[in-house]
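Before any questions on how it binds or moves, here is one chain, the form predicted on its own, in structure tokens.
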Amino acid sequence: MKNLVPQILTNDADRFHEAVQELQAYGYREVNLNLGCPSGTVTARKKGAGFLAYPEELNQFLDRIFSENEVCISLKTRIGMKDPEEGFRLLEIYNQYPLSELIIHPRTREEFYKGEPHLDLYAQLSAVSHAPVCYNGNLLTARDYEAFHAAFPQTERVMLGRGVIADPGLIGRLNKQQNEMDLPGTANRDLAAEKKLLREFHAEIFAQYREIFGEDRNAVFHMKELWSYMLQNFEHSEKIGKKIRKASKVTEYLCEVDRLFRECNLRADGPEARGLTMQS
């Protein structure tokens, strides 16, 4: 049975409580607070990673939500708004509360997803966290996971976000290799099966978008963000990728998508495979 944890994005303790009550009615017993989203429209409202710039207000907010709600609460956080060193002050705050889990993305809000995560700081923060720690950031391929696991064998939990969007078969391969007591890698991959899975993943997402939005143009528009990740899977996909991004009509869009799956092979080493490096 899958353990689904809804995520809440707010800086208002009353609204947080209202959301928790609604979710409890559906049977949820754990929620996650998003303190990591770097989007400008979110941070401008002092939400997501924007809340990290106000540590005293954040502390007061956490005090209320932990005292007023009878659910398990986990946090997903970045290590600061501007300066990575902010992470130490934030951890002092987090350590005051009984978090079910602390998910750390070791970048600041201003770094977005650029450059390498601050793994040296992650090592220091995770070592003194009172809550179980989950790592998040730049785990896009099996090779990335292998490098991270070798560097941090004590971290038992990882979050795969962009990597799974680009490669929906990644979790299955990692679980299979782990069960077989084998290290993740590129050997024995069935690229034909992975392409089939990726195509089915695309078809399901697109069908759901068309149903939700009720018209094709908006559905096509929303698929383009998905392709910013998925195109990294394919070899020599630049020209077709540009046509997919420019398509506005559903017939044109589907024609180019079909062409991509027919003409472009998957990268044998996964999307933008590269190892992680330590930095301070």
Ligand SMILES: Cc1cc2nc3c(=O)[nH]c(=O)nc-3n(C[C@H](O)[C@H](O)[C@H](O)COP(=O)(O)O)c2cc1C
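The first residue of the shown sequence is 1; numbering continues from there. None of these values were measured; they are calculated from a predicted model.
Omitted here: the form predicted together with the ligand. The next part is about that form.
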query: Non-hydrogen atom contact residue 89 with the ligand in the predicted bound form at 4.5 angstroms; finding: no
query: Interface membership of residue 105, the ligand in the predicted bound form, 4.5 Å heavy atom rule; finding: yes
query: Partner contact for residue 121 in the predicted bound form: the ligand, 4.5 angstroms, heavy atom; finding: no
query: Residue 73, heavy atom within 4.5 angstroms of the ligand in the predicted bound form; finding: no
query: In the predicted bound form, the one of 166, 139, 99, 125 near the ligand [non-hydrogen atom within 4.5 angstroms]; finding: 139
query: The unique member of 131, 159, 93, 198 whose heavy atoms fall within 4.5 Å of the ligand in the predicted bound form; finding: 159
query: Interface segment, criterion being heavy atoms within 4.5 Å of the ligand in the predicted bound form, picked from 146-154, 105-113, 203-211, 80-88; finding: 105-113
query: Stretch 206-240: residues contacting the ligand in the predicted bound form, 4.5 Å heavy atom cut-off; finding: 225, 229
